[in-house]
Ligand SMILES: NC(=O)c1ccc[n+]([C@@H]2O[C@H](COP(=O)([O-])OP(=O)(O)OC[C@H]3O[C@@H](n4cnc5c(N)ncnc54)[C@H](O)[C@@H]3O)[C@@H](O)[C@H]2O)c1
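Consider the single chain below, provided in structure tokens and representing the form predicted alone.
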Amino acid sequence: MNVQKVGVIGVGGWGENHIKTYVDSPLTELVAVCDVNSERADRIAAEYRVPNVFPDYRDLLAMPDVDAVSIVTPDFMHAEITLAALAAGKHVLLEKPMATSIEECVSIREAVAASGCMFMVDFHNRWNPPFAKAKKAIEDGEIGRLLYAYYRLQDTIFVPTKMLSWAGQSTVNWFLASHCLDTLMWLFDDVIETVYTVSRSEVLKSKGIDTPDFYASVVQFRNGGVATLENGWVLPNTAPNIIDFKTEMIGTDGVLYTDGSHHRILQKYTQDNASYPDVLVSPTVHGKPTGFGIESIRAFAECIACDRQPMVGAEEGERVTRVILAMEESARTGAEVEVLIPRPS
């Protein structure tokens, strides 16, 4: 195994999880960070003792000793930076979604194949223990053939109004449904062929943010499976945490439930307040970053150090983008939409 020198492009909230993971891992050395917000980049670099700081990703990619990069930028900025990183010969861990157009996804997929670099989309729910257990139960035939799934993933209104300055340039489909769709296709071991989606725009639009409040979707798989998705980001900020997260998976011989709503695994009550600390996504335990949001990044570090292909590549990323585009079209037209299946590599 070789220690890989890594850079992180985009050091906002989730970007810091990438930084923590690379700093903690014996397989990686974090040598550079980049963010258009130079004040934030300088602060992060000082806190984690990163020697190189850039406001422009091109300068980071020009460093000859950078082996790999994490790209943790807004949805609509993924393709340009990813293509530049692959052209520079860097391994890439890209936050979801892979890109927001079919053309961009095809370009990335072809660039990955031409470059010979490792490429992974960070669909981290594949490392989420409840889903990993559910996948094993399905593979072992414990609930028979998976027939139907219900998947609810919603955020409080804090996310589009305070956390994301760019929410009006995206949708909650790209931000949350992308995770749901990859998880569902992984659990069903199948591709989605048709979608029917409805959405409404009222709350956020009244606040000057031109993006839908929620989407409700029904997707159908090639082999007959069906799933219902609920994705929104207008829950009240009085909710215990920003995430409301539930699933149900019904098979011919059984059912599986998960409930990660508001991090209720641990509940803390003091004289002043009640809270539900995160113990599953990216908590710190004995000074070390842990959780499934960290484990996916750690898995990428292991892949580039051990020359092992990642679990989630360009084809999986492209499938998700194609489904979301079909969902957006269905929400606009009110009709069921067929998903254009990508050509095999």
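All of these numbers come straight from a predicted model, not from anything done at the bench. Start at 1 and count along the sequence shown; that's the residue number.
What follows is about the form predicted together with the ligand, which we do not show.
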inquiry  = For the interface check, one of 208-216, 93-101, 134-142, 267-275 should have non-hydrogen atoms within 4.5 Å of the ligand in the predicted bound form; which one?
reply    = 93-101
note = If we test each of M185, L229, I81, M118 for a heavy atom within 4.5 Å of the ligand in the predicted bound form, the one that passes is I81
A88, L147, V203, M163 - the one with a heavy atom within 4.5 Å of the ligand in the predicted bound form = M163
query = Do D35 and the ligand come within 4.5 Å of each other in the predicted bound form, heavy atoms counted?
reply = yes
ask   = Should C105 be counted as a contact of the ligand in the predicted bound form, where contact means heavy atoms within 4.5 Å?
value = no
message = Please determine whether R126 contacts the ligand in the predicted bound form, using a 4.5 Å cut-off between heavy atoms.
response = no
inquiry  = I'd like to check something about G13: if you look in the predicted bound form, is any of its heavy atoms closer than or equal to 4.5 Å to a heavy atom of the ligand?
reply    = yes
Residues in 71-89 with any heavy atom within 4.5 Å of the ligand in the predicted bound form = V72, T73, P74, D75, M77, H78, I81
